[in-house]
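Shown below, as structure tokens, is a lone chain in the form predicted alone; questions about how it binds or moves come after it.
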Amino acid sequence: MRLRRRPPDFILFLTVLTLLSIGIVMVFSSSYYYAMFPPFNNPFHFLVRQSIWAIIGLTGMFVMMNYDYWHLKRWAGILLVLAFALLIAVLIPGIGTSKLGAQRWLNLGPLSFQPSEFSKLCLVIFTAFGLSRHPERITDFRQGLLPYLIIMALAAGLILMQPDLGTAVTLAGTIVLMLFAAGASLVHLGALGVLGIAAVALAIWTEPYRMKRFLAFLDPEKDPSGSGWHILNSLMSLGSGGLLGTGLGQGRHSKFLYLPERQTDFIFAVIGEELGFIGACLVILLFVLFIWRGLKVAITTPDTFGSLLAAGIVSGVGIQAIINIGVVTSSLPVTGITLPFLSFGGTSLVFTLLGVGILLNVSRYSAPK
């Protein structure tokens, strides 16, 4: 393949840097009081760690931005096998590490690694590669869709065993949107949608803690100090910010530790409290801008592999942001999933930035404005 290389999409690049900068500031603002006490005893604990991960992620982003994306085809199969190996390894007692009732991490010395974040990017690359090899088969359910649905279901099932419903839904939604972008039949996708909703309902019904969260979503005030605690304090944080917010570092709900997971899953609530309605809307607009520029890259890329690769990366970030903001605003039941670029979390941040690097490289070969 010989395509003319251009500079990467500057608006997309600037949008990602802006979101990342806001995230680092808000991680510090939401965590410094909590980090002053044991076991951290350092108000800069989360800031330093997030900054280190951001530097690693940005380095990876710049590397992938200059690594021609079609070379990823040769690694697609290896990456898929490695992703499944890690998803299985994390479930093995003694290898996987359990935190807060979930076994999602592998310890690498002083650092921890979350295989599900790695697997999302690997499955996007493999699916884009497979669909681009035989695009004419996409309307055939058995040959065009079923192989990728089986792979997706196996990966989502392993992630669900950790348990991590939010990431499983994000992965499944990303692959389905890639199938849509490849030209899959709307009848097939509609049937998949019905099955997907049924699968999520079954996952909620069969796990007592998920059922409690769902009932709390329907009526959080029924158990305000128990299952409704997350939702109520999230809404109070958002509401207390008003139009302009209380100011950086002045959020009462995060400082007095009423808001759980303030620097990770509920960082958007801190943004709403400290930066107000305007700050929260700015963050949402930045995600909309990211999705728009990413989809533009996907649409204007001349080859199928690059187009589907871009669509998958953008879809993954977009779905994850929608779920996180939906949870924080009580539009969706509580599930543990971070806000891309903004939440504290090394593995999520690094692999999201690696994906952005691939997306920026694809943009170098898309049609000019």
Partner chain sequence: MRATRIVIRRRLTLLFLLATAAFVALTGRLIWIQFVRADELQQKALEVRMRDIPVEARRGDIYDRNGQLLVTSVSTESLYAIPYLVKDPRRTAEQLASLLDMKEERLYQILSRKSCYEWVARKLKPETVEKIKGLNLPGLFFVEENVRYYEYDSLAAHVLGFTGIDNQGLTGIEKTFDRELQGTRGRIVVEQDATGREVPGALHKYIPPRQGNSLVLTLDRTIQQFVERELDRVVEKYNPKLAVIIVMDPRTGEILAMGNRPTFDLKNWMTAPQGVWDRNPAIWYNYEPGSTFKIITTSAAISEGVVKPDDQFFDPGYIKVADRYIRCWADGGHGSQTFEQVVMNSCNPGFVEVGLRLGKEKFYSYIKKFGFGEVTGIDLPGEASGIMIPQEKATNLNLATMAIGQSIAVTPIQLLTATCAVANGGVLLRPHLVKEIRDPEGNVLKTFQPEVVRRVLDQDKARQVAELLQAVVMKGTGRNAFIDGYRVAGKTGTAQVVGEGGGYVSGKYVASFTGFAPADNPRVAALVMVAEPQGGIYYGSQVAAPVFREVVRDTLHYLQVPETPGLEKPKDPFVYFDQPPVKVRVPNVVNYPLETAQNILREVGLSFVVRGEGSIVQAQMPKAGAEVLSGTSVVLDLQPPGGKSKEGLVTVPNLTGLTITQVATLLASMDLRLEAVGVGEAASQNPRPGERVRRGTVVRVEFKPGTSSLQAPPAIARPVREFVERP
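As the structure is a prediction and not an experimental result, all values here were calculated from the model. Positions refer to the first chain, counted from 1.
Keep in mind that the form predicted in complex with the partner chain is not shown, yet the notes after this line are about it.
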Examine residue 241 and determine whether its closest non-hydrogen atom to the partner chain in the predicted complex is within 4.5 angstroms.
yes
Heavy atom to heavy atom, is residue 39 within 4.5 Å of the partner chain in the predicted complex?
no
Contact test in the predicted complex: residue 58 vs the partner chain, heavy atoms, 4.5 Å:
no
In the predicted complex, does residue 75 come within 4.5 Å of the partner chain, counting heavy atoms only?
no
All of 6, 124 and 351 within 4.5 Å of the partner chain in the predicted complex, heavy atom check
no
Among 143 to 151, 204 to 212, 184 to 192, 79 to 87, which stretch has residues whose heavy atoms lie within 4.5 Å of the partner chain in the predicted complex?
184 to 192
From 248, 95, 199, 291: within 4.5 Å of the partner chain in the predicted complex by heavy atoms is 291
The one residue among 335, 50, 307, 343 placing a heavy atom within 4.5 Å of the partner chain in the predicted complex is 307
Just to make sure I understand: among 149 to 177, which residues lie within 4.5 Å of the partner chain in the predicted complex, judging by heavy atoms?
177
